[in-house]
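The chain below stands alone, shown as structure tokens; this is the form predicted on its own.
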Amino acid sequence: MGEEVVRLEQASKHYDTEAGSLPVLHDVDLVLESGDLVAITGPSGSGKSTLMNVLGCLDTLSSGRYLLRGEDTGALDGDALARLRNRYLGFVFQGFNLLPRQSLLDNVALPMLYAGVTRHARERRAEELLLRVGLSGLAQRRPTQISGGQQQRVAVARALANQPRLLLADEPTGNLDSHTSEQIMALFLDLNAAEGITVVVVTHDERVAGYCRRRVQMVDGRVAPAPTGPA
């Protein structure tokens, strides 16, 4: 067994609306260990995006506990949560979220700027990461000058900037064709195998989910029981 990275205990989330309380997550229990490769699946409205936001410390629970590498996130204020995100988490989004006026090198280096890394060290690691994702010759280009698949590779490199232990990818292939989606998933598999990074992918695509060794199926805000085979 690997080191425990994530533990959710009776995790519930509701939002207050004019019509009253809107429940989204119900008593979710979940443990992820280092080296896990997990797909979170489920229909629209099942709670998978809210679960991803909780795991990424972008949203907080209404009740229950979320432990990230043993630290109770519910006891932390906004600044402490931001530091935790910067130290342990990497994010990849469907829309890439790159800065269009900045070079690819600067986009990858940005999280290290917030972490207080020196400029020389930022640029050196950003170059190494662009090489890692197969884009070493494009460092000075801007996002608008490369393809969607290349932009997503830059986003993966940026997510790795601060050496996260948990990589969260929200529909990372949603804007990509099937061939490019396969390349991005192959990159996730390689990072997971070579560096032991825990990877969590939210996806509605069965082909993408098929790359992952484990699946968490969300139904009406709950984790569906794992299917059991014949006795």
Partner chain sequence: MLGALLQEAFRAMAANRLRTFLTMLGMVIGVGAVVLMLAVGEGAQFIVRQAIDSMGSNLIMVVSGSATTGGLRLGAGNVPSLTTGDAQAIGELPSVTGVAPVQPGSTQVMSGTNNWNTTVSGITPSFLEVRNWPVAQGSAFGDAEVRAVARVALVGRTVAQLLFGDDDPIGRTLRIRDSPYLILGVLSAKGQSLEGRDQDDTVLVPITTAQRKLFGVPFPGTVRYVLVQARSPALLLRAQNAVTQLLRERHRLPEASPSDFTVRNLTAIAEAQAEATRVMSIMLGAIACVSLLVGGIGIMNIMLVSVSERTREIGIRLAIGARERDILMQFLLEAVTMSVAGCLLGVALGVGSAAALAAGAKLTVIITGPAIGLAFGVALVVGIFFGYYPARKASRLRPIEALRQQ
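Keep in mind it's a predicted model, so treat the numbers as computed, not measured. Numbering follows the first chain given and starts at 1.
Another form exists, predicted together with its partner chain; not displayed. Remarks below refer to it.
Engineer: Just one of Ile146, Ala139, Leu110, Leu76 has a heavy atom within 4.5 Å of its partner chain in the model of the complex. Which one?
Structural biologist: Only one option qualifies, and that one is Leu110.
Engineer: Every residue in Asn192, Thr203 and Gln217 with a non-hydrogen atom within 4.5 Å of its partner chain in the model of the complex?
Structural biologist: So, no: the whole triplet misses its partner chain.
Engineer: Among 146-154, 124-132, 67-75, 102-110, which stretch sits within 4.5 Å of its partner chain in the model of the complex, heavy atoms only?
Structural biologist: One stretch meets the cut-off, namely 102-110.
Engineer: Quick one: does Asn53 come within 4.5 Å of its partner chain in the model of the complex, counting heavy atoms only?
Structural biologist: Looking in the model of the complex, residue contacts with its partner chain include Asn53, since a heavy atom lies within 4.5 Å.
Engineer: Is Val31 close enough to touch its partner chain in the model of the complex, meaning at least one heavy atom pair within 4.5 Å?
Structural biologist: Judged by the heavy-atom cut-off of 4.5 Å, Val31 is well away from its partner chain in the model of the complex.
Engineer: Flag Asp59 as yes or no: does it have a non-hydrogen atom within 4.5 angstroms of any non-hydrogen atom of its partner chain in the model of the complex?
Structural biologist: Asp59: yes, in contact with its partner chain in the model of the complex.
Engineer: Taking heavy atoms only, is Leu160 within 4.5 angstroms of its partner chain in the model of the complex?
Structural biologist: Contact with its partner chain, no.
Engineer: Can you tell me which residues in 77-92 come within 4.5 angstroms of its partner chain in the model of the complex, by heavy atoms?
Structural biologist: Those in contact are Asp79, Ala82, Arg85, Asn86.
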